[in-house]
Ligand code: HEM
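This document starts with one chain, in the form predicted on its own, laid out as structure tokens.
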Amino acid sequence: MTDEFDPRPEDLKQRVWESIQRDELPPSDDRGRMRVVMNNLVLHLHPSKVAKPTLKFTYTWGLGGLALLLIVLLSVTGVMLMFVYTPSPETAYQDMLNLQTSVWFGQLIRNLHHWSGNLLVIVAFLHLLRVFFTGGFRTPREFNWILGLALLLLVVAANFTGYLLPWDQLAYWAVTVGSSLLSYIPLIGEGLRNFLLGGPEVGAATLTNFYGLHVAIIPLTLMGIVSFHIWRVRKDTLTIPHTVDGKVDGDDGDRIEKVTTLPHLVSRELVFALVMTGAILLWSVWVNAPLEAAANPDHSPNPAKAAWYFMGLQELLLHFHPVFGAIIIPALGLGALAFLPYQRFDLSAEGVWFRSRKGRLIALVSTLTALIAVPLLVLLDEYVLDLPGMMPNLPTIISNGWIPLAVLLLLLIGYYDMIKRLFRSTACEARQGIFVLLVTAFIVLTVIGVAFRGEGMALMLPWEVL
């Protein structure tokens, strides 16, 4: 072997560096070398320059970055909790008690993990709303919208599987109620539920399954899709905020001014991350994660409620046949959201909050309509209507399923037509009105289920529920 294949140490060092950093040679001083490494790490997540108007906080509200921050907090606190937790019915609840009394800062770490997980559901949902209301799902970002929907479902799944791990009454019966929704899936529902629970009911096998899903399968899947999602944001380019008049928001020139990512964008992200971390930490110091008595399969609380993010579905089950409330209506909603970016657009409004001035008015009207109509419909169904009793000869899947669903769909079609006629709106503005109406309706149903359902799931005032 000749000497030309035996590089000198300094040449080898240079080759190793160049295999990592191709754009420029390493600076001679350590501080400059670190700056090059950080630049390339940041620029892998961000473009080298961004349009100055996109730095406006009220355009994105930092929701995407906050979601990433919460995922990091959940990963760090989750790993710490794994050292003191055993997924067994005999030890799980005692481990929760030990966190409160025997482990240094154990309660604080659990609080951080619990509240970060709940906040992540809210932030991911708000991020989806922000993207919708600013038109960030249009070409070429259609597939990234689908990825965002998948991430929202994974975040809910992560919270649901983690909900059981404390093994107290709240967790046990919330998972029992939540998992029962799967049994309504035609043909495969019962088998799918038994597979997830490891048997016909929540038990030791369920705790093991949920622990594996919560600490391994779901986080790995979530991280993979998040990485791809960020990469697609980088490749598809960021939307630029515009006013309702079509002008670039926050930019007075004819050409959109661009600024370097470092330091303009990164400095804002750093400050925002520090402020939000401090806020979450303060909340976790003062408010403990809930922990009730140890799980008791023989004593069901009254009422037995699902986790708060499933309460909208549980409320639907009180008004519709279970197949419709648990499966068909949610599936129609998710299908409509997935199909949304592939619709025909008759209004150029990318980067404009609520599409236009008319769109903002329609969104406000739709919000007020849902806030008034949904409680009235709930009261009507609770105290006046009894569709199965009025049509005793029909199967309940028709009298309490197909018929009320058909009526609601006709009402939505009529509302869509009314918006177009009354406001002379475009199809984009009218679709946004329907979207706002349905989202507000689901939020109202969730609030009713959480705060207004007491013993026997009867309607009560909030202080009576408590």
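No experiment lies behind these values; they were computed from the predicted model shown. From 1 onward, residues are counted along the sequence shown.
Heads up, the form predicted together with the ligand isn't pictured, but that's what we're talking about next.
Visitor: Flag residue 296 as yes or no: does it have a non-hydrogen atom within 4.5 angstroms of any non-hydrogen atom of the ligand in the model of the complex?
Guide: Residue 296: no, not in contact with the ligand in the model of the complex.
Visitor: Using a 4.5 angstroms cut-off on non-hydrogen atoms, would residue 289 count as touching the ligand in the model of the complex?
Guide: Judged by the heavy-atom cut-off of 4.5 Å, residue 289 is well away from the ligand in the model of the complex.
Visitor: Indicate whether residue 139 is a 4.5 Å heavy atom neighbour of the ligand in the model of the complex.
Guide: Because no heavy atom of residue 139 falls inside 4.5 Å of the ligand in the model of the complex, the answer is no.
Visitor: My question is simply whether residue 273 lines the interface with the ligand in the model of the complex - judged by any non-hydrogen atom within 4.5 Å.
Guide: Result no; residue 273 lies far from the ligand in the model of the complex.
Visitor: At 4.5 Å by heavy atoms, is each residue in 63, 151 and 238 next to the ligand in the model of the complex?
Guide: Result yes, every residue of the spot touches the ligand.
Visitor: Which of 131-139, 303-311, 362-370, 106-114 has heavy atoms within 4.5 Å of the ligand in the model of the complex?
Guide: Of the options given, it is 131-139.
Visitor: Exactly one residue in 387, 377, 233, 196 has a non-hydrogen atom within 4.5 Å of the ligand in the model of the complex; which is it?
Guide: So the residue touching the ligand in the model of the complex, by this definition, is 233.
Visitor: Counting any non-hydrogen atom inside 4.5 Å, which residue from 428, 403, 441, 68 sits next to the ligand in the model of the complex?
Guide: Among 428, 403, 441, 68, a heavy atom within 4.5 Å of the ligand in the model of the complex occurs only for 68.
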